[in-house]
Structures are given as C-alpha cells and as structure tokens.
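Shown here is one chain on its own, the form predicted on its own, set out as structure tokens.
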Amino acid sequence: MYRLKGEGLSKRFGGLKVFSKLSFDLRTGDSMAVVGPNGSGKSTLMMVLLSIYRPTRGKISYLRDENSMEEAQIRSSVSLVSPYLNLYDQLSGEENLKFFATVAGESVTGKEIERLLEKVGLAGRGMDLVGGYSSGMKQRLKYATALLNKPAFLFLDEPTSNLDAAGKKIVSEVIEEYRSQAIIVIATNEQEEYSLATKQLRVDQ
C-alpha cells in the first residue's frame, strides 16, 4: 500500500504567491483532480509533488506500507504525462519506449512494447518515426511511456490535451485500469475531466 501526503503546501516565486496551505492524503486506489482556472498553480503543484520545485512551506511524504520512501524509490515509482514532456522525433515509437525504459533502468520486451502501443491505440505504428506522428499520437505515446514502469504514482497534467474523442476514451480506460493499483493525480481545468478522479483539490491564488 502506497501513500502520498501533502501538508500545508505553499509555493511562492519571489513576491508572487502561487498557492498556499494545500493539504491532502491519498492512498493506493485514490485518484484526485487538481482543479482551478488557468494560472492558478495546478501545474506548479505537480512540479512540487515531483520535486522539480521545492515547496516554500509545507511537507510532502511518499510512503510504502507506512514507511518513508527514499528518493531513488520514489523516482522508480512515479510517472508523468504532460504537454511539456518531449519525445524524440528522430526515433520511432518503439525506440522512444526502449530509450525511456533504459533511462529509468528498466528493460522492456518486444511483446511488452506491442501491448503498450495497442493499449494506447498505436498498434502497427511503433516503427514509424515520431516526427511523423500527429499531436494526438504523440500524446498517446506519452501514456505508453508513463506506463512502462507500472507506476505506483501516476501524475497527469492536462490528460486529454490534443486528443480526439477516441483518444479521450483511451485515457479514461487507462485511468480506470490503473485506479486500483496506483495513486493518480490529475491537473485539469476541464470540467468533463473532473469525473476521472474520485476526489478534488481546488487550487486558487
């Protein structure tokens, strides 16, 4: 059983307050939508939870079986899907998956790659260069990349960005499949995406 706690989280950049006094307590099987208008700090909170930014105040705890996790354990248990993540256009879809698996210290078989590509609606497109993918196809490949390590903590920033109706359905299916095995945090300002999570955390300046 995994747990993610945020206690009194605040973030400022100089004199600019981004958010303040945010708290939550999530366990495996929980999903939380971080909601608020554009510019309210949703993506910044995600970066704080991923240790890309440090909170100005407050504490973040990652736990496994109620024991604090070390930094290396956290890194191997976390995945992120975000519009700001870059794929390698000069590599094929399969090569991107192999590269990111290697960077994470994981190995992935051809069958696993095929299964992941099929799961995100890219069956038969794995050998194509990513530079020839549409924006929606790239977003689907990001999901395949995020699922490589079977994450215990799955962070989704603008989860259906660039996706058509079929792609949004795939996202919903992925979340439903992993809901019982992971803690899922979704940053969105799309009301239709609120229902992807069982809890909400409102972020307002």
Partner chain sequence: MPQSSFGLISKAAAVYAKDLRLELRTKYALNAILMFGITTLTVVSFSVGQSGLPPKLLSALFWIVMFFSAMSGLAQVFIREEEAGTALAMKLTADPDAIYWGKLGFNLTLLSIMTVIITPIFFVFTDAPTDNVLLFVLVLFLGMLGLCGATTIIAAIIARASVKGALFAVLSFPLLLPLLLVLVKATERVLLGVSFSSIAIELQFLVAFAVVMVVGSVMLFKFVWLD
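Residue numbers count along the first chain shown, from 1. This one's a predicted model, so the numbers in the text were calculated from it and none came from an experiment.
The next section is about a form of this same protein that is not shown, the form predicted in complex with the partner chain.
- The closest heavy atom approach of Arg64 to the partner chain in the predicted complex falls within 4.5 Å.
- Taking non-hydrogen atoms only, Asn149 approaches the partner chain to within 4.5 angstroms in the predicted complex.
- Proximity of Leu80 to the partner chain in the predicted complex: non-hydrogen atoms within 4.5 Å are present.
- For the chain shown alone, Ala166 is not a contact residue for the partner chain in the predicted complex, no non-hydrogen atom being within 4.5 angstroms.
- Contact with the partner chain in the predicted complex, defined as a heavy atom within 4.5 Å, is made by none of Leu141, Ala144 and Ile184.
- Interface residue among Ile175, Ile60, Met32, Leu50, judged by heavy atoms within 4.5 Å of the partner chain in the predicted complex: Leu50.
- Checking 23 to 31, 166 to 174, 133 to 141, 66 to 74 against the partner chain in the predicted complex, the stretch whose residues place heavy atoms within 4.5 Å of it is 66 to 74.
- In the predicted complex, the partner chain lies within 4.5 angstroms of a heavy atom of only one residue of 113 to 137, namely Leu129.
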